[in-house]
Structures are given as structure tokens and as C-alpha cells.
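Let's start with one chain on its own, the form predicted alone, as C-alpha cells.
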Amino acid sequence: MKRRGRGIACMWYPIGFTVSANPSAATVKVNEDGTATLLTGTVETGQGSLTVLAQIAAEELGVATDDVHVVSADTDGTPMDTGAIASRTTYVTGNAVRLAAEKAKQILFETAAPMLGVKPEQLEARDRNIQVKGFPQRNVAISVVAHRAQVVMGQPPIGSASWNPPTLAMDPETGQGKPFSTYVYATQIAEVDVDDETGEVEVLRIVAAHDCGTAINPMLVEGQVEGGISMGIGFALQEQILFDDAGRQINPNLTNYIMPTTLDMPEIKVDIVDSYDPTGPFGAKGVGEPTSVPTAAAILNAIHDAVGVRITSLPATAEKVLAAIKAKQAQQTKRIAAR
């Protein structure tokens, strides 16, 4: 008989390295046609980071994302980046990109100010124009300003910057400190069916609420959460490295190392919490690894809610769940007989 249960799990997760320096650097140059080139040492591994970094640069410069050409991952020609690890790219590299774009923008403002008869601090960059704050009709195209900055003023609009998360080492006496600059938070709820005759677990639905600061690209955030949940389901129910007595792995390929497929995915509802981190680029933090942290715990709590057994080792295979159910039934029978 299938029994339904629900489970909840919450998590908090730090962004970046523990105390250790993990800086990023970036260079942004505004071209004479009004486009921009962003140089970053980070890599794109499918998470959409280069799109997000281009969006950050575009927002700071007042141009469209399509106007930003990203050059990345060439350690010979791009600035240093600690890496696409520790869920740090949007937060750390994004801050470096924003600062670099800001420096390039300041050169544009200094060039445009006499053209518009105002001071640089009275200007803003929007819609591919440099315009006077409060008087958008007084404007000049960024392409015109960039050309003038380079060929007339002799100061190409190029900005370079680096950023390292501010942390404070832990005091060995008190345990006080600030090992991370910021944290992300999430809650996930899983709904499962458990067959109490076979131990088979079917995940029906997962609702995931994630606070990742301001979502620079909500669609990418939603995709990352869904991908993390997929990994979490595999972690919870299927994935396990097996070894023989000699220490050799006996399931080294995808024919016998079981992973979830699209057919194993449940209904997923993602809620991006409306939040803002003042230390992040435009309020953003990160969303990478934390997406899969609460999934397994939520599923195991749902199993307990359905059939009353607690699985304490992963994965929660049908064999483990059935053995736990039988052990519980045997214990109940023993207690009844003892009365």
C-alpha cells in the first residue's frame, strides 16, 4: 500500500571561502561603437554565470546585455579569478565586474560633463546614453562619448578592479569572528509516496523557497534550483559508489551508477525570495551549491512522515526503507506480545 508523507528541511549556506582570501578581478572597456568588452578569468560551466556578469556590467554602464562581449577563462589574457567554486561567482566576481564598469563609466562621465555643461556627478548612464539626472532629454550617446574620450581626450574608457569578500578570522578563545561575508538561505518541502510492501519511494512534488539576494536573472536562478533538486534527489534515493573487498569501484559507469533522469523529476515549484544584500552586486548573493543542500533531508523527513521510519544513511534505497519498515513492524509485534 502506498502511503503519502511530507517533509521539510531548511538550510543556510556561506558564499565564498572560509576566511581565506578568494578575490576576483575584472576589466571592462567601452568601445567606440558604444559596446563594451568584459574580461574575466571565471569560467562558464552551464550555470549561466557569463550572462549574469554581462548583465551586471550592462546595468552599471547603462547599455543592453547584448552590447557586452565577455572574454573569459583565458588565464593568459584575462584578469585573475579564484574560480567558479564555493557558489561565489555572482557575488565575488560580480562585485569586481561592477566596480570595473563603474571606473570605465566615470571616464565617460568626465568626458561627457563639459559636453552637456554639467558636473560629472550630475550624470547617469541609461539606455545607451549619458544623460543629466532629472533631465533625460539632455543626453549624448555613449558611443559618441567613448569615441571622444579616446581620440580627443586621450583617455580610453577602461576600468579594472578586484574584490575580495571581507572576513574576520575566528578567535580561538571565544570562537567569535566572521568567516564569510554573506550567507544564503532556503527551505524545501518534499511530498512523497512510499510503498510499504516494497520500500519504493516516489517523489511527487518539491516546493523550494530560496533567498539568494536580488536575482540578477530569475530564469537562471529557477533553472539552478531545479538542477540542484535533481542532484538532491539522486543523493537522497539513488546515487552510491560501491566497492569490492579489494577497494575497486564496482559501479564506475552510468549503466550501474544510478542517477535521476528527466523521467524521475517531480513537480517543482520555485519561490525566489524577494531580498537584497547591500554588499552584493545590485543586491545579489548566490544560488549554486545551496540548491541541493536541503533536498535529501526534506525527502527523508517525508519518508518518516509517510511510514514512520527514520533512514539515517544515504541513499534511502527501497531495500533500506523496506528493511526499516519490517524492523519497525517486528518491534511493534514484540511489544504487543509482551503485554
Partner chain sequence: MPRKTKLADKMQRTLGQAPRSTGELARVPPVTLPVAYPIEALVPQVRLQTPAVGQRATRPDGRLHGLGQTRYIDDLAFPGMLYAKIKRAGIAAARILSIDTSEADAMPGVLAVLTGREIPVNSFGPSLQDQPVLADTQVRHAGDGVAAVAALTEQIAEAAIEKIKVDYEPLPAVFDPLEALREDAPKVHAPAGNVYATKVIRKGDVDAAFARADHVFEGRYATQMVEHVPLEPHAAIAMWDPNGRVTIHSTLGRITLGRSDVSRTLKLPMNRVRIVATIVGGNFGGKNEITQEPVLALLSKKTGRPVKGVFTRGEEFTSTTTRHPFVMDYKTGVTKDGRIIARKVRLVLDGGAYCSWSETTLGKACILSAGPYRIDNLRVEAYVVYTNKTMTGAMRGFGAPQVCFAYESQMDEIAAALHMDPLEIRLLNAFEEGAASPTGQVLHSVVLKASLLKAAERFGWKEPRS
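This structure is a prediction, so every number in the text was calculated from the model and none was measured. Positions refer to the first chain, counted from 1.
Below, we refer to the form predicted in complex with the partner chain, which is not included among the displayed structures.
Peer 1: Using heavy atoms and a 4.5 Å cut-off, decide whether 209, 276 and 315 all contact the partner chain in the model of the complex.
Peer 2: Yes, the whole candidate spot contacts the partner chain.
Peer 1: Looking at 156, 120, 136, 179 here, can you tell me which has any non-hydrogen atom within 4.5 angstroms of the partner chain in the model of the complex?
Peer 2: It is 179.
Peer 1: So which of 131, 217, 150, 143 gets a non-hydrogen atom within 4.5 Å of the partner chain in the model of the complex?
Peer 2: For this set of options, the contacting one is 217.
Peer 1: Just one stretch in 218-226, 195-203, 110-118, 156-164 has heavy atoms within 4.5 Å of the partner chain in the model of the complex, so which one is it?
Peer 2: The contacting stretch here is 218-226.
Peer 1: Just to confirm, residue 35 within 4.5 Å of the partner chain in the model of the complex by heavy atoms?
Peer 2: Although the partner chain is absent here, residue 35 would stay clear of it in the model of the complex, with no heavy atoms inside 4.5 Å.
Peer 1: Do residue 27 and the partner chain share at least one heavy atom pair within 4.5 Å in the model of the complex?
Peer 2: Although the partner chain is absent here, residue 27 would stay clear of it in the model of the complex, with no heavy atoms inside 4.5 Å.
Peer 1: Would residue 71 count as a contact of the partner chain in the model of the complex, using a 4.5 angstroms cut-off between non-hydrogen atoms?
Peer 2: Residue 71: no contact with the partner chain in the model of the complex.
Peer 1: Is residue 293 part of the interface with the partner chain in the model of the complex - any heavy atom within 4.5 Å?
Peer 2: Yes, contact at 4.5 Å.
Peer 1: Listed by sequence position, which residues of 285-302 have a non-hydrogen atom within 4.5 angstroms of the partner chain in the model of the complex?
Peer 2: Result: 285, 288, 289, 291, 292, 293, 294, 297, 300, 301.
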